[in-house]
Each structure stands twice: as C-alpha cells, then as structure tokens.
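First, one chain by itself in structure tokens, the form predicted alone.
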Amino acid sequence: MENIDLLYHARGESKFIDDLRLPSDALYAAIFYSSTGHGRILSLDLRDALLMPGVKAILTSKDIPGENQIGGVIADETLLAEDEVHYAGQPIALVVAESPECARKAVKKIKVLFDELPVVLDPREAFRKGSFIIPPRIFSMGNTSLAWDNCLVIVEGRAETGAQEHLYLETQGSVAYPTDSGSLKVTSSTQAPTAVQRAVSRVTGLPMNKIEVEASRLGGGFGGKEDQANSFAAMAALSALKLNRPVKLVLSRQEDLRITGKRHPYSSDFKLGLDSEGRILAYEVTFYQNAGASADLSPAILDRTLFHCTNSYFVPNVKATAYSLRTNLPPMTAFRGFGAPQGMFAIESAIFKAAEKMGVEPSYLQEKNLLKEGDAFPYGQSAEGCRAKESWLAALETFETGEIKNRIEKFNRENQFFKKGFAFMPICFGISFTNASMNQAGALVHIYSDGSIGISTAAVEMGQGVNMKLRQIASAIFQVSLDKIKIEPANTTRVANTSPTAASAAADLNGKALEKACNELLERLLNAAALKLKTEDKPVIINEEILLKEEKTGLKWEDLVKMAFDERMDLTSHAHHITPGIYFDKLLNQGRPFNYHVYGTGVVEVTLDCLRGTYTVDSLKAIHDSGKPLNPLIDRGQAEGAAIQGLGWLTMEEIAYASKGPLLSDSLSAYKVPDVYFSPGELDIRFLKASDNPRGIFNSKAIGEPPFMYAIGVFFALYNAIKEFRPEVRMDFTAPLTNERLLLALYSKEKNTVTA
C-alpha cells in the first residue's frame, strides 16, 4: 500500500521543472505584466530594457507568428496584451536573457503608459453592466412557481464565497527546446499536456505533430495547472522558436500569485420552501460567478455549480439560474471541486436559515431530505447506487453523534466565553468530465524482452498517487511485482489527444484504458503458454509463476516473455477507453452527465473563544463512500488533504484586491493557509464499509475532490457556536469566516443582523 513516489520525494530525487539540467546555450524568460486592472496601452518603451547586458530579445504580441490567442473554451484571451489590458497581472511583454536575474532586472526597465479605464471587480456590478461571458444557464425541474403556495416555511437570503489561491508547491513553469526540422519539445508543469500542445500550436503556427509536450510530475496542481499552464508554456515555446535556443520560464511565488487566476468567487441568492414536516418542496437559486477577465474554464465550472446546486438532497421543484460575469481580475480557473463547493454552500446556507426559522436543528432537515435510490437530480439523471442515507446513518453510529451533542450542550451551559458548535455535512459529487467528449483515455504498454514493463498514459502525477495506482493495476493483472513496472511521463507523442488529469477522473479513465491494454497482452501471453504446454486449458499467472489447473508448470514470467519474444509475438498494446452511457443535452439541460456519484457525511466540532474571535476545529470526521479503494493509504491522504484545503477556503484564506485591481494578498505574509497548528485536533475520515462500484476501475471510486466539501460543515459549526453566545444574531452567510468576521458577528451593535 506504499506510494513509491514518496520515497523519491523524501530523498530529494524527484525532478521538477526547476530541477532540469539545461543545455549551456539555454536562455531564461521573465514576464512584464500590467500594474493596472483596466486601461488602453498608450505607449510601451522597451529601449532601456533592450540595452541591459545579457538581454537577447523582448517579445510582444507583434512577434507572434501564429494567433495571439490561448482561450480554450472561448477565444477571448490573448497570450500577450495588444492595445488594452483587462486585469492587473496581464502579460504584456516577454524578456528573454542569458540568466533569470538579468531577465527580471530588464523587466523593471520597461515603461508603459496607460489610459486608465473603469475597473469592475464585483460580479453583481458586472451583471448590471451586462458583462456576460456566456448567456445565462438555467437548470430546472418541476415548477417552483406553483410549489410556493404549498410551502409552510419560506426563507430567502444571500450566500457569498470568496476566491482561493491554489498555492501549489511548484510554481507555474515550462522549458521549451527547438528540435530537428523546426519542431519543439516543451516540458511543462501542466495537468493537461494536450491542452498545452494545442495552445503552443496556435501561438507558434506549428502543427501539433511538430510539438511534443511532456509532463513528468507536478509539485501540486489542484486545477490551477489544468488550463493556466498553457500560457506559460506558449511563452517559453514562442521564445525558443524565435531565438532557436532552449528557453526556461519559471514564475517566482509572487509572480504566480499576481498573474494566475483563483477559485471563482460567487455571490448567490437563494429561496427555499418547506412543508410542515421539513420536507423541501421548492428551491430557487441564482449564482453570480466572478469569472475574471476572460472565460478560461468558467462556463464548465458554472455548469458544475448547477449540477451540484441541490447537493445530497432530493428537491422536487428546482430552478437554478447561473451567470458567468466578466470582471477586471485575472481569469478565474479550475480548483478542486470545480464549482461544486459554491453551489453546495448556497443550499446549506438556505437549510440552516430554514432550520433557524422553524426552531429545529439543521441536521433534522438535512437527514429528512437526503437522496434515495432512484431520486431525480435537476438535470435528469437518477441517483443510482445512492449511499446518502447509508453514509449518514454510519456517521451517526460510528462517531456516536448523540453523545457528542450531549457533551457540547453540557460544555456550553458551563462556559460563558467559550462555546462549542457542531454540524453535519452530507455530500454528493458526480464523477466524469461534464463535457462528454473529454471522457476518454489511452494507454500504451510495452513488455520488454527481459520481463520488465513500461506504461504510458495521460495521467500526470501531481502528488495524488495516480502513478502508484497504475502500477498496482498492471501488477494485479500480470501478477508481477511492482518493481518490474515503470510509469513513463505523460507525453503527447506516446499517448495523443488526451484529457487533463482533472475532475477526479485520472485513475478511472487511464486505469480503465490500462486495464484493457494489459488484458490484451495477458491474453496473448496465456495463449502462447497454452501452445507451449500443449493444452487446451487456459493457464494462469500467480506471483510470476505460470500455473495450469492450479499446478506449477515450471514456466516463470520471464521465461514466458522470452518465449513470446522469440516467437515474434507483439509485446506492445495500445488501448482506448471511453466512459459508457454518459451524455448531456445542453439545449434541454438534461441527460446523464456522470458515470456515478460519490456520497458521504461529515461531522464537525469547533470551540470558539467568544472574547477574541479565535477558534479551534476540534474534530472533522467523515464516513466517505470510496467504493473499494485501489490504495486505502493514498485515498485517505487525499481525503484528509482535500478536507484541510476546504477548511482554509471556508475560514482563513482571504483574497484581497486593491480598487484598481492589483492583488494585495500577494505574499505568504498576507495570505494564510492552514498549517499543522490550525489542523483539526482530530481528523478521522473512514471509508464506508461494503461499498463497491462496478463502474469504477477495480470497483473503486474517485477520491480527489469530493472530501473537500466536508469542510463546509466547519462554517456552520462556527455559525452554531456564535448562536450559542448570541442567540439573537442573524448572520450573513459570507465565507471565509475569518477571525475579524467572527468578532463582528459576536459584538455587532445591531441586534438582529450581522453583516460579515
């Protein structure tokens, strides 16, 4: 169950972009970017920068031989600004020099004059101005207009969630090398080698077959390198093509913070109606997504918000409207959960407000409305293999939540200035890319004549353990030891036309393709063994021994491979996998977009210091529907990491921009993420027992994103702790719930409302 890659990390042997040894003639690039959020470029003075020693070239949009465009979903994002800048941090020019220090010094010599234009940072302001990325998206089921008359309780409100910085350990970076016949090789810190290949092709004007892109491993991604790695790879490739020398571009931490997009901030309006027993009858929600200055992946992220707008609950009448708004911020991008956390936070806010009005615990409403087998989602798919209630009941029993509640009530009675809060957080997350065409993968497997095995897929190892899982799949099928198996870096010349390592689907898609390729080779080898043994019975391989009718034959794995090679058998297999049975009609907004769903229930306990506004997360526990994990150790690590990252988003990670657009929280002294001291006192994520998944590889379920949402419970546990101290408070649902916001909630002069 170990993860071999961790040994390389611990010994310092893992190589990342900045560790690569470059040829002696390599050059280094640095970006000159906009200091203002919106303006026309009146003049750009490069003269002093060009005179700097070691500077070889300064490239602008005029130097691009292909198209100055890197927009993937919508063609609305230039690689280098032309006449106008639309956000602070937008690249304008690229300095290429003999050293990184020289390039960065030259950047400071560039002078630009702007005609400042109005800056819009708020999505609701962008909505009023009609600044849409795409037309509105609406998911609906039933008829909310008719349902309100049957509702005994109706609540309305607003939910606000902020941006979040990916803060991967390895910053964005790329190295581009000119190769023979005008081709390029690009080594990129990307989750999506094919997307980089397309972007480089578009900018350079070269066909894709002249561009080789490789991603060996990443020092973290979290979605931030799914689309946004494209521009930095394209800049390095453009420089290498123009100067015919290798070029390296790696961002400093501050550059990365300033230039790259974050998790999308959302502002949402909700309206929820329930009957006298607490059953949800109707839900209307409107999402205002802050997309930043260009589309990036915002339309797809907006769809994912709509897909998860009812979280783990059955709601018979739903109308969810979503707007993607263009603002003067860096293009917001993919982040763990991909829009689902923002949607789930809104409905949880509505449920907590309804519980407050009805005088019941939120958990009463949560449990009553959990999905059941066969219930419909607003997009037409039914809940199949639904484990919402099963995980809820398992959490109640496993964590003895009744005793926790009694203990908390006793603590709150006995303590005046410290209060405890408690909350449940059920989750439901769909697994698949919601763009059906992306649900495909290829695998290339070589068995070498000495019995060793090489595997190539599109899966990019970024700390999530996918390489180890792929090794385990091949090891299980061939029945050989793990040390015989090598995973090659993802490379567009070995496996082409690939989907990103994203959407929690890498192990599923690439693992299924690998399974198919391995089984094809296994079938060939076993047929060869049968011929050798002169039997019509099918031999099997167990622990590298060839057995016939459970008896050893004397043939070993290496013998069989050598024999097959001598017989001129093809020991290479390429296989292609597509996720079956998924589709979605974007005109009707109906279909079956997900291969399966992941369920789970989180249980959170916090202690709030009501004098200082500080707090501790005493425990975050969960029963998680994981299927049959391929590697329980890796999956538990992924679940714990996701929950901690979610905890940061909901509580402390606050992104701040100046009025004209520059990022204020542009260093780790101004932007805080959870550390070991902030982690929950008890972090206990257990896998639901007797849970399998015939749609997943080896009955497993995806793990990367769903546990992120358990942390939403921390916000509402803190909400409940505040209510214990000041029962009259009616809080806004605004995240992150920082210490400053907590103090406002605890000591606002207003009796009936608190603006967080």
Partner chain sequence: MKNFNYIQPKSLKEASDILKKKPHEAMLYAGGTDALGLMKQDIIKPEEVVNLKSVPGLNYISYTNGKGLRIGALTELAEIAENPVISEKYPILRHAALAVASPQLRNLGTIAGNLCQRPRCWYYREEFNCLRKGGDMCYAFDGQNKYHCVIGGGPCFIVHPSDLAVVLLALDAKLTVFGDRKTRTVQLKDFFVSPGDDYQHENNLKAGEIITEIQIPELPQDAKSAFVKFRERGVWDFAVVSVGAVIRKEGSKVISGKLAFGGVAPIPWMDESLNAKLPGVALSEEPVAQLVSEILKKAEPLSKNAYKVPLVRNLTKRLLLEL
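Keep in mind that this is a model prediction, so the values were computed, not measured. Numbering follows the first chain given and starts at 1.
Although not depicted, the form predicted in complex with its partner chain is the subject of the following passage.
Though its partner chain is absent from this view, in the predicted bound form it lies within 4.5 Å of a heavy atom of just one residue from R245, K628, K271, K672, which is K672.
Between the options E740, D25, E13, D18, the residue in contact with its partner chain in the predicted bound form by a heavy atom within 4.5 angstroms is E740.
In the predicted bound form, its partner chain lies farther than 4.5 Å from every heavy atom of L113. Mapping the unseen interface onto this chain, E654 counts among the residues with a heavy atom inside 4.5 Å of its partner chain in the predicted bound form.
Mapping the unseen interface onto this chain, D609 counts among the residues with a heavy atom inside 4.5 Å of its partner chain in the predicted bound form. Taking the partner from the other structure, its partner chain in the predicted bound form has no heavy atom within 4.5 Å of any heavy atom of H574. Using a 4.5 Å cut-off to its partner chain in the predicted bound form, not one of L7, S216 and F345 places a heavy atom inside that distance. Between 610-618, 546-554, 300-308, 155-163, the stretch whose residues reach within 4.5 angstroms of its partner chain in the predicted bound form through a non-hydrogen atom is 610-618.
Of the residues in 258-294, only R258 comes within 4.5 Å of its partner chain in the predicted bound form through at least one heavy atom.
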